[in-house]
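Single chain ahead, written as structure tokens, the form predicted alone.
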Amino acid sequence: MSVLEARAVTKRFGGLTAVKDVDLVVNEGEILGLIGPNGAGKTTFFNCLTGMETPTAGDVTYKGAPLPKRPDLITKAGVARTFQNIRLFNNMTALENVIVGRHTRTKAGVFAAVGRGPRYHREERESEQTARDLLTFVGLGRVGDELAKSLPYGDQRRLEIARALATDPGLLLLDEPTAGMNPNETAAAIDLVKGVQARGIAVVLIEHDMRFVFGLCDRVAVLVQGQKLLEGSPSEVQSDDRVIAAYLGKPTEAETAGDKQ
């Protein structure tokens, strides 16, 4: 079954079309890679899925229902994301950062919060325990009381994933999760994403590390100049002449043959 379906998603900025008629289906529990050269429209497409940008045209549904337009409501519906440029609360601890994400699922109203009633305290305790469990899951159980800004870069990436998982998503969008990581951190990131998948959460990731993508993803989609060039298994995409041409800026064999005629 599909978790998310994007149909003919288009985003224009004035006279510039950043994303054009992109279709994408994400199935339950799969890992799907979204690749393409710089400027291909990958992050803009992510922004259209998560309410950071409003599509100029097209439709997006999550588990058969149209996605809301606001980012907070999209998160509440079950779609969470991380960002290419890490967005943490730097002066809050790692634990507090994850608890913030958990508040999407708390139900205590204003009066319960103001009055600090039993429901409020129960939800706070549950949120803290869930946050600690998630920090352990991503390998950060030892640094819960440290400020986010004091963590190494790779750990900040993990913390952002933990905060996203705190929202109980059915779909997690990762925008360049290994950017700036060393080989050991990248290997650990592979294990982490597989662990997310094992929890039954579908993952879509934007990534420039092709070894990471082709070694991890169930399917791969390629964007070029805002349009989907092709989609298939890692082996199909990896060997496609058009993908090689898009990345290297070289003509395909077919185009070369046509020039000679």
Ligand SMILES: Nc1ncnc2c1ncn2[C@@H]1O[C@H](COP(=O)(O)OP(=O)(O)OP(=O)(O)O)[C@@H](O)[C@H]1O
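Fair warning: this is a prediction, and the values are worked out from it, not measured in the lab. In this text, residue numbers run from 1 along the sequence as written.
There is another form of this protein, the form predicted in complex with the ligand, and it is not shown here; the text below is about that form.
Go through 34-42, 196-204, 209-217, 61-69 and give me the stretch that gets within 4.5 Å of the ligand in the predicted bound form, heavy atoms only. Among the listed stretches, the partner-contacting one is 34-42.
Does residue 53 reach the ligand in the predicted bound form, with heavy atoms at most 4.5 Å apart? So residue 53 counts as contacting the ligand.
In the predicted bound form, does residue 128 come within 4.5 Å of the ligand, counting heavy atoms only? Residue-level check for residue 128: no, no contact with the ligand.
Evaluate residue 182 for contact with the ligand in the predicted bound form, applying a 4.5 angstroms cut-off between non-hydrogen atoms, and reply yes or no. No - in the predicted bound form, heavy atoms of residue 182 and the ligand never come within 4.5 Å of each other.
Within 4.5 Å, heavy atoms only: does residue 96 come near the ligand in the predicted bound form? Close contact is absent here: in the predicted bound form, residue 96 is far from the ligand, nothing within 4.5 Å, heavy atoms only.
So which bits of 2-21 sit within 4.5 Å of the ligand in the predicted bound form, heavy atoms only? Sequence-ordered list: 13, 16, 18.
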